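Shown below, as structure tokens, is a lone chain in the form predicted on its own; questions about how it binds or moves come after it.
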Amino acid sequence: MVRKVLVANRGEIALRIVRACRELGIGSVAIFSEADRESTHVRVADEAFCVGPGPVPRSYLNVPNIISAALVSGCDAIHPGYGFLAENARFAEICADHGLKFIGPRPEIITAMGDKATAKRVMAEAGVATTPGTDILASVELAREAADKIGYPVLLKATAGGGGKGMRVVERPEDLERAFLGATAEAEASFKDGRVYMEKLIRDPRHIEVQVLADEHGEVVHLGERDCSIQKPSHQKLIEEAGAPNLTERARTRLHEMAVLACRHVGYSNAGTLEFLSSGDDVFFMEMNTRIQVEHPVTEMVYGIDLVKEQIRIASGEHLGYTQADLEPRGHAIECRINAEDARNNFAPQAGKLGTVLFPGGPGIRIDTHIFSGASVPPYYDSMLAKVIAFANTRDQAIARMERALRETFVDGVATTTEMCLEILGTEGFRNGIYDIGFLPRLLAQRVG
């Protein structure tokens, strides 16, 4: 078993990893920027090292300082969490070069799956259904030829992207050049990789993802699906649930089978998530995230498995110790992201010093957060403050429990998405489980109208 883990992240996911380490009897080492000196994960970990000033490139992406902290503290593994260096193949290689176990898949797998265009090609080779599209487009002229062949509308996507960055919908040929230049510029600014590819735009799809676990001995299982279709206009997720409501059994079966097939095909190990677009019985592979997901708690609640502990066990060379037949979902779970954002002002990020902070409790409620009364919200990082997770026997009960929990949530000092989440939960479309990725943009447009 791994003996001591450096947590190469911040916020709630860093605290989540530290807690898993402690329950496993493993030492934990936190890193922090000068802006995060008072953060909860720093206080809770066994040791902590400052790796630089607030800006991300000088702290949480400061690889030399992170590796030095791991070596000085005697760690034998690094857990990257999500974001930052979690899907950086070069970082995984550097860890190995210094005798540190990277808690995630092998670097070559991260490379293959992290490049979305490459991942789609690999999945097609494995027999997994993919959205009609292209490889990397080197010029506007090639993009124009591809769009004419695929047929409008099309979607331009950054191959190294995520969170809606470097993504443009193109409805008409006359809009293509501007969209291509905008997507490549945004991708370059966000990921230092301006390459984009094209997909056929599927109207009103659902965003469904499948959680997988795979050990280093070839065993692969899925832990069901999550519906992540409640997304802001920027394509960033706001509410997720497990399992996906109103999914046809044919689609659900295909999703699970394709996820396991894909992992076996590439020799995947550790935790991962395969994301799909779904419409009726049709499902199309979109991308794979080679890390733990923000929304992993809903799967944990439904399957009763600690995914972060499983990551550490797998990285330690252990067998899963269970098969697909041993895994049965029970109940329903919903997660709402409480972000420091002004939902009435295009979800503008907020920063500042918090006043009173109160989170709910009671049966079936889980809170993953790093904030506390008086904490500071720095301007440098992702705006998520907390995740409120509600679990119950049925979906209706989970919704009612979540509504109660959100009404007990109080964060003073910055605007948050709490009220927006409550509004969504109260809509007929959400309650009926009949929604797609355009649901929230349409709701916002109605409010403006």
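Since this is a predicted model, take the numbers as computed values, not measurements. A residue's number is simply how far along the shown sequence it sits, counting from 1.
Just so you know, the form predicted together with a small molecule exists too; it's not on screen, but the next bit is about it.
This chain lacks the partner; the member of R121, R90, R250, H235 within 4.5 angstroms of the small molecule in the predicted bound form by a non-hydrogen atom is H235.
Though the small molecule is absent from this view, in the predicted bound form it lies within 4.5 Å of a heavy atom of just one residue from H296, H222, R291, K157, which is K157. Using a 4.5 Å cutoff between non-hydrogen atoms, I94 does not count as a contact of the small molecule in the predicted bound form. The small molecule is not drawn, but in the predicted bound form it has a heavy atom within 4.5 Å of M167. Among residues of the shown chain, S376 is not one whose heavy atoms approach the small molecule to within 4.5 Å in the predicted bound form. The small molecule is not shown here, but in the predicted bound form it comes within 4.5 Å of a heavy atom of E199.
Of the stretches 279-287, 317-325, 350-358, 138-146, only 279-287 has residues with a heavy atom within 4.5 Å of the small molecule in the predicted bound form.
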